[in-house]
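So this first bit is one chain, no partners, the form predicted on its own, shown in structure tokens.
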């Protein structure tokens, strides 16, 4: 187990040594000193024992595969603390009664966003929706169930179209109905954040999801359904928007 800042920094560089310029940018953007200390805390607490390969990169966060002490895979989502993108996400935090006391400090707002994703995963999973199981949140890091086989993450439906679109869509709608019954709107549902796990869907990237008390609750759900209709009508020609409601 690597438990000090120097060795963790070395490990981060080696995770992406094959990516050269892009890899160096990942280290610079994600593994700042504060984040390295936060990861070290996860090591000390036994939440994870190693940080492995990159799974995905995004505007706000990067996703890594990690290992637990007993060798189980975990997904570790690390939100960047120096990104200006979070200014655009203010609308998802403001109006959420779970985070009334959030200040204006950019770093604190990043921490809030990580907490938001963690809580959304808990609520959506408890409702019966198919989402990754959340395990731990600390500062700008969320540790959750790894959705993949060995070192390969499962593809999104954008990458791998389901063999039976109607059946697959029906399962997605079951998850949507489940989290809607718990008073949640996803807010960014599309073919890019629904995984195809052996012909079963799993919804990911739920940080922006809002409760029904949020002023954008209905608007975000309508947008989600429009996105779903736009994607699925390519494979289900007779599909109508009202069929998704």
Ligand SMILES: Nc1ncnc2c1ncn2[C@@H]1O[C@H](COP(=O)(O)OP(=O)(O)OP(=O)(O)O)[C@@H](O)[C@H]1O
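Numbering follows the first chain given and starts at 1. Since the structure is predicted, the reported quantities are computational estimates derived from the model, not experimental observations.
Beyond what is shown, the protein has a form predicted in complex with the named molecule; the following relates to that form.
Novice: What stretch, of 213-221, 42-50, 177-185, 197-205, brings heavy atoms to within 4.5 Å of the named molecule in the predicted complex?
Specialist: In short, 197-205.
Novice: Flag this candidate site as yes only if 36, 111 and 140 all have a heavy atom within 4.5 Å of the named molecule in the predicted complex; otherwise mark no.
Specialist: No residue of the spot touches the named molecule in the predicted complex.
Novice: So, residue 68 and the named molecule: in the predicted complex, are they within 4.5 Å at any heavy atom pair?
Specialist: Heavy-atom contact with the named molecule at 4.5 Å: absent for residue 68.
Novice: Consider residue 147 of the chain shown here, and say whether it contacts the named molecule in the predicted complex, taking contact as heavy atoms within 4.5 Å.
Specialist: Although the named molecule is absent here, residue 147 would touch it in the predicted complex, with heavy atoms inside 4.5 Å.
Novice: Is there a heavy atom of residue 77 no more than 4.5 Å from a heavy atom of the named molecule in the predicted complex?
Specialist: The answer is yes: residue 77 has a heavy atom within 4.5 Å of the named molecule.
Novice: Taking the named molecule as it sits in the predicted complex, is residue 61 near enough to touch it, meaning that at least one heavy atom pair lies within 4.5 angstroms?
Specialist: Yes, residue 61 sits close enough to the named molecule in the predicted complex that at least one of its heavy atoms falls within 4.5 Å.
Novice: Scan 116-143 and note down the residues that get a heavy atom within 4.5 Å of the named molecule in the predicted complex; none is a fine answer too.
Specialist: The stretch touches the partner through 132 alone.
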